[in-house]
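Take a look at this single chain in structure tokens; it is the form predicted alone.
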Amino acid sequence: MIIEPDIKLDFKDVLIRPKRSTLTTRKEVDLNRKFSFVNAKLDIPYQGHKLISEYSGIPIMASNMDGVGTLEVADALIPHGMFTCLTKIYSGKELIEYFLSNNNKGGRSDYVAMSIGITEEDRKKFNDVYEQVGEKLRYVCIDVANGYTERFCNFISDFRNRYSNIVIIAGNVCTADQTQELILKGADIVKCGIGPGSVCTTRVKTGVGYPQLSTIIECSDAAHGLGGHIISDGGCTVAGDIAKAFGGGADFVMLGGMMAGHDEGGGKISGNKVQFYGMSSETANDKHFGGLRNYRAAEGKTVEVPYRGKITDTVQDILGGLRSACTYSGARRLKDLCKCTTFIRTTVQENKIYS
């Protein structure tokens, strides 16, 4: 047994200290980021080398959850330059039609990822879609609850060897060492966060987890040292939390609950509420897997969130808050927010002596 005495922080434990700014209006803030990916190489030779795949947009992601990572949400976020990891429930046929559709509004290849697990069925499904749509599918989100298993790492390594040009999003983990391991195995972006989600009960059921702000600070430092990137996944309940995540060093911020309850999510509206559930909940297992297997416990819950109408209104609120956070911090670009951020502690934890 080992006890780490260092204090770890969540979003609720800090505020961003305001600083002198030369910005005169929030309109001056540039929220767009550009990233290149260390492991994904385009199949286009250039002066004897393969070009590096790149991303440009506002690095906020809709989570690959039911009611959030839908085709309709993805199309609604593309005009804003925002990203979506599609839920795993879509069939190969639906995905092929989506990426090849003549009604493509543009940007699906740049801002939408197909999500899979690590079974042979998942591998075959991806390959079937990829063979049909080709370069229109640039991103894959390889998503499991526990990103620490040897099986998961081996899957990432094998997938990278098979698909050298695909940008791999892999997770979830919450520590620096495994963030580095996944990048070395071939991931480009590591999804970081275990237990902070609003409908996740992993911390309650297992006692496992890591405070999300410290996860971001430690994992981003580890990833950036190898040329990789991280997603802060979970824990954001208000726009200010998103600003704190970027201020802590996150490259992307993934939202679940904040993106739930909209028309584009397709959830059933009852009164003024919409059902929202974790993907390890009993509801999700009953819906997609015929019930919870007898060796597992549900690590998610089902709640009702307010019906929020069109997602564009929520997007405007989120981006407006983020621009305001940048002006308070003196950051002219979202890229500069981490350098401009000073966190002040707002909670006090007693020092304890362990023997």
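Counting begins at 1, following the sequence as shown. Bear in mind that the values here come from a model prediction, so they are computed numbers and not experimental data.
Beyond the structure shown, there is the form predicted together with a small molecule, which is absent from this document and is the topic of what follows.
**Request:** Would you please decide whether I60 lies within 4.5 angstroms of the small molecule in the predicted bound form, comparing each non-hydrogen atom pair?
**Result:** I60: no, not in contact with the small molecule in the predicted bound form.
**Asked** Given that the partner is absent here, does L182 sit within 4.5 Å of the small molecule in the predicted bound form, heavy atoms only?
**Response** Result no; L182 lies far from the small molecule in the predicted bound form.
**Message:** Would you classify A76 as touching the small molecule in the predicted bound form, given a 4.5 Å non-hydrogen atom cut-off?
**Reply:** Result no; A76 lies far from the small molecule in the predicted bound form.
**Message:** I'd like to know if M279 sits close to the small molecule in the predicted bound form, meaning any non-hydrogen atom pair within 4.5 angstroms.
**Reply:** So M279 counts as contacting the small molecule.
**Asked** Heavy atoms within 4.5 Å of the small molecule in the predicted bound form: which of the stretches 228-236, 87-95, 148-156, 121-129 has them?
**Response** In short, 228-236.
**Request:** Select from the listed residues A243, I189, C200, C141 the one whose heavy atoms reach within 4.5 Å of the small molecule in the predicted bound form.
**Result:** Residue within 4.5 Å of the partner: C200.
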